[in-house]
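For reference, the chain that follows is the form predicted on its own, supplied as structure tokens.
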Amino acid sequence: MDLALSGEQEALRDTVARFFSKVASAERVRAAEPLGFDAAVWRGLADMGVPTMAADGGATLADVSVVAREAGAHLAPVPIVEAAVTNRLLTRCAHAVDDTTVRTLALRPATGGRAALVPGGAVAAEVVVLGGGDLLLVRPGPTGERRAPANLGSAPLADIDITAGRRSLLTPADGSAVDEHARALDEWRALTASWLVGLGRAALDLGVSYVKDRRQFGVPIGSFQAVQHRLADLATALDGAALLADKAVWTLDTDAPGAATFPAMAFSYCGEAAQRAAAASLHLHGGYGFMEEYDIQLHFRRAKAARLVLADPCRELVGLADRLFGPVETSTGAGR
């Protein structure tokens, strides 16, 4: 198992990093709030063929992970992870995909005719939903069929009414609809883990830069050992998170043992590491960290919110334990 980037992946990383540096500056990220979507950034990714790069077998999840990490580092206001995962799922269902259409995946099965808190749902033209044991491709209308609640991360989340608008039944080529949705959900976990690693490293960089400039008692506060130790611990945690995210993607690409567990591990740990890095960097900014004029708050809010999109992080750990050790049987006897 070699998790190092290939020459092609390094070139891809450099290309998308330059692109996001130009079109996803902190000012552009702020301008995209509160919806969290910039159509120009999406068009640029579409021109490069990124949304469908891993849908037709021309690229791997590891390649998409490179893009996701840079998107997280720049807080790119586009649902690129959701689109990539959804396009792969649609291709497995023999459905044609293109780069220009914004697509997303409802992470939870629909209940009562509604898919709740769909990431990217506020801007997507097509949403894949698991409802009643079937995979449905829903094309919600512009009004009345989706509700986009305000949220901490300024993400384009929405509740989708799957009984309205147009919808069609998807037929998986292999496995059941439930299995295909679970596979797509694990791909989302693994790629989102990479996205969180990128965010965490960028947040840490902001903290390091600030403590080099901020002076106290006539010296930079970065010269204090307590500050250095804290930053070193965070850097180590993020390195471990990056390794875990890369292994999660590798297991899915190769159908290796662990493909059923590593995505959940990576999503849980990378989310925690990213939130810790963003929170520490924010506090190292002192009172300035809580001001909207400083960029660190953009990372802090998104790191905290991204962990909650799927479910309570504790529930993810319970689900991971069930995968590893089997569901825990509850006892109703007197000895419980």
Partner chain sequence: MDFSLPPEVEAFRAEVRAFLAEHVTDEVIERAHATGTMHDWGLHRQMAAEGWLSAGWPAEFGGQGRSPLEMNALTEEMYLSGAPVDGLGVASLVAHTLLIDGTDWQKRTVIPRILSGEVMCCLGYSEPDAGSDVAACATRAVRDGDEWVINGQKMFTTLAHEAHYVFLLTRTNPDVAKHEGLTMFLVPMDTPGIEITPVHTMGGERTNITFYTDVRVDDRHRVGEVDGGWKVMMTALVFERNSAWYGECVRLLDTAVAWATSARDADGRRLIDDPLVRERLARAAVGNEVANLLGWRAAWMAAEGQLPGVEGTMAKLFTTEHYQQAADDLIDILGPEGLRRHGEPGAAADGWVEATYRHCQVTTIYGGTSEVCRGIIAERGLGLPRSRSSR
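It should be emphasised that the depicted structure is a prediction, and the values quoted were computed from it without experimental measurement. Residue numbers count along the first chain shown, from 1.
This protein has a second form, the form predicted in complex with its partner chain, left out of what is shown; the following refers to that one.
Proximity to its partner chain in the predicted bound form, defined as a heavy atom within 4.5 Å, holds among 259, 231, 97, 110 only for 231. Each of 3, 275 and 328 places at least one heavy atom within 4.5 Å of its partner chain in the predicted bound form. At the 4.5 Å threshold, heavy atoms of residue 43 stay clear of its partner chain in the predicted bound form, well away from it. The shortest heavy atom separation between residue 11 and its partner chain in the predicted bound form exceeds 4.5 Å.
Heavy atoms of residue 27 never reach within 4.5 Å of its partner chain in the predicted bound form, leaving it off the interface. Within 4.5 Å of any heavy atom of its partner chain in the predicted bound form lies no heavy atom of residue 35. None of 133 to 141, 78 to 86, 174 to 182, 114 to 122 except one has non-hydrogen atoms within 4.5 angstroms of its partner chain in the predicted bound form; the exception is 114 to 122. Contact residues in stretch 170 to 187 (any heavy atom within 4.5 Å of its partner chain, taken in the predicted bound form) are absent; none meets the cut-off.
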